[in-house]
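Quick heads-up: it's one chain on its own, the form predicted alone, in structure tokens.
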Amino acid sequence: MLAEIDVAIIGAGVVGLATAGEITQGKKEIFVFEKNRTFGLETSSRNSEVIHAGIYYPEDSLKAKLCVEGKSLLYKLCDKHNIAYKKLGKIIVAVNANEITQLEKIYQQGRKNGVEDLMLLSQTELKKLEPNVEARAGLLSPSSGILDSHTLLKYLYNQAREKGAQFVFNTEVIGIERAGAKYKVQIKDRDGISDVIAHVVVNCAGLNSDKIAQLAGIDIGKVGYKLHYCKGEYFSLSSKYRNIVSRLIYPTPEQAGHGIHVTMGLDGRVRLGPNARYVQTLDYAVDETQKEAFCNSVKRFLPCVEFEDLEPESAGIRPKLQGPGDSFRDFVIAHEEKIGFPGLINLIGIESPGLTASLAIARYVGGMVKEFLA
């Protein structure tokens, strides 16, 4: 007789951890399967650690709604459990007339999304706030910030475990098959291959979430779930730049990302990035030949940055549904009952603002699970 559980969550990134904590109640058996040696080793820990306000995304999109909700939940959680953060604020800058027009559109979009504290800045107002920034106008988002993502991940992991979720690391899901009204989940670990029966499967597999959906029998090409890997690299600035800005400074956004921006760690260290390059394979090496492009990009609004002061730092991969040249794609968070997979919940394309939205995403998924298991 196969072991039977209530919910199998695949992936222990920030969304998998938050979801496990949200849906675990003493009477439910929740198992989280993670192919890596521990939690949060991929997209969740390789990012800007920015708490986003929810400005850019189309009105009523999941990205907009869950980012705005998630930001509020995240700040409350950080306050309650002493997770380090700084609500620094962020300024999106415009260096020419076209970008000023774009900035005004972003302002309107943010307001539609319920971000009510945005302020358009004149050149003079911007200069007062950030003397080292050279731009013709700015858009101030006071509620944007940065946080210690590693402490957040650790808290969410410990919380889920305390509630009764069980984590199985170094374990890869290699098969998902309908078994009556349930699912037979095939796993591979150091001891070999085994099966478990789950009433609900929640796919939080991040960079591999499209492959997991495919394992379950979904035609990912037909339903539009194929992921595109988009690499983002970071360069850090030398210590002499520690106080060069007091807020996050962003350019007006580009097609694949928000553009190379200036962020700070909680320790005050300044870094540049990420860029956005579509790649075929998962590789976290920083391409040092990108240094000149980084420097030139940032010099447009921060001219005091010198080429020799940039050092390669880290890289991450975004699991994007939006391919090169494609228009906006929203998060996929879907209970697949309508296409013949009751009890299978797919989360696909959870890129930025996934970290900010993680607690709100967990609530959203929790509602689906509760309704199905009721």
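Computed from a predicted structure; not experimentally measured. Start at 1 with the first residue shown and count on from there.
Beyond the structure shown, there is the form predicted together with a small molecule, which is absent from this document and is the topic of what follows.
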Have a look at 164-172, 113-121, 95-103, 296-304 and name the one stretch with heavy atoms inside 4.5 Å of the small molecule in the model of the complex. 164-172
Exactly one of E336, E69, E29, E49 comes within 4.5 Å of the small molecule in the model of the complex through a heavy atom, and that residue is E49
State the residue from I317, L310, L62, L321 whose non-hydrogen atoms include one within 4.5 Å of the small molecule in the model of the complex. I317
Candidate site E42, Y234 and P353: all three near the small molecule in the model of the complex by heavy atom within 4.5 Å: yes
Might A205 be said to contact the small molecule in the model of the complex, defining contact as any heavy atom within 4.5 Å? yes
So in the model of the complex, does any heavy atom of P274 sit within 4.5 Å of the small molecule? yes
Could you confirm whether K35 comes within 4.5 Å of the small molecule in the model of the complex, counting heavy atoms only? yes
A20, heavy atom within 4.5 angstroms of the small molecule in the model of the complex: no
